[in-house]
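Let's start with one chain on its own, the form predicted alone, as structure tokens.
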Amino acid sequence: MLRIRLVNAIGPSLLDGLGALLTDAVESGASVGFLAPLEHDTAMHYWAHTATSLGRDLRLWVAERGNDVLGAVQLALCERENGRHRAEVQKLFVLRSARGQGVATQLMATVESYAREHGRSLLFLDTQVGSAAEKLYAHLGWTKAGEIPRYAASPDGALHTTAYFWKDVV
């Protein structure tokens, strides 16, 4: 059974699972801020750094089956006075072996529910144009706001166009 939980601290066993999740995402070509090949130390450093923001302006949910980390997603809360109604969805990852099983859909539903319950009515995110993620967000009712060409590099170093999406969750 899939369990999704809000994580407030990243312990050693979770760190290993998150590191493997990030590595799998980069190896599968996901444009999530890293170039391939992703070094183990780089993945561990990313998650250790991420852990320092948890509970302040960043939330992290992990999807697990038993002791296996299958997916994760982050929500960055805007803390500026004029932006406390919005948040950015970041780093939605699902293991290749768990894709097509509704993990991403459940993670996104959890994020949207949390945002609504905590006074965040507007969510936004970006993703690579033409990616499976772009299709997922459209399927989940997100609105495409536009595109920026040559915005980010894929893991192979090629520049690609990024699409921006938003969703009202009131």
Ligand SMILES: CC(C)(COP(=O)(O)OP(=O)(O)OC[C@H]1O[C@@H](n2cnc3c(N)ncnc32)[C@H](O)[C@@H]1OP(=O)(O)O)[C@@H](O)C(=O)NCCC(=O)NCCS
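Residues carry their position along the shown sequence, with the first being 1. Being a predicted model, the structure only gives us computed values, none of them experimental.
The next section is about a form of this same protein that is not shown, the form predicted in complex with this ligand.
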Is His49 one of the residues lying within 4.5 Å of this ligand in the predicted complex, judged by heavy atom distances? no
Residue contact check: Arg56 to this ligand in the predicted complex, 4.5 Å heavy atom: no
When the contact criterion is heavy atoms within 4.5 Å, does Met44 count as touching this ligand in the predicted complex? no
Taking heavy atoms and a 4.5 Å cut-off, does Val94 contact this ligand in the predicted complex? yes
Location of this ligand contact in the predicted complex, chosen stretch of 120 to 128, 35 to 43, 141 to 149, 61 to 69 [non-hydrogen atom, 4.5 Å]: 120 to 128
Using a 4.5 Å cut-off on heavy atoms, what residues in 126 to 152 are near this ligand in the predicted complex? Asp126, Thr127, Ala132, Ala133, Lys135, Leu136, Tyr137, His139
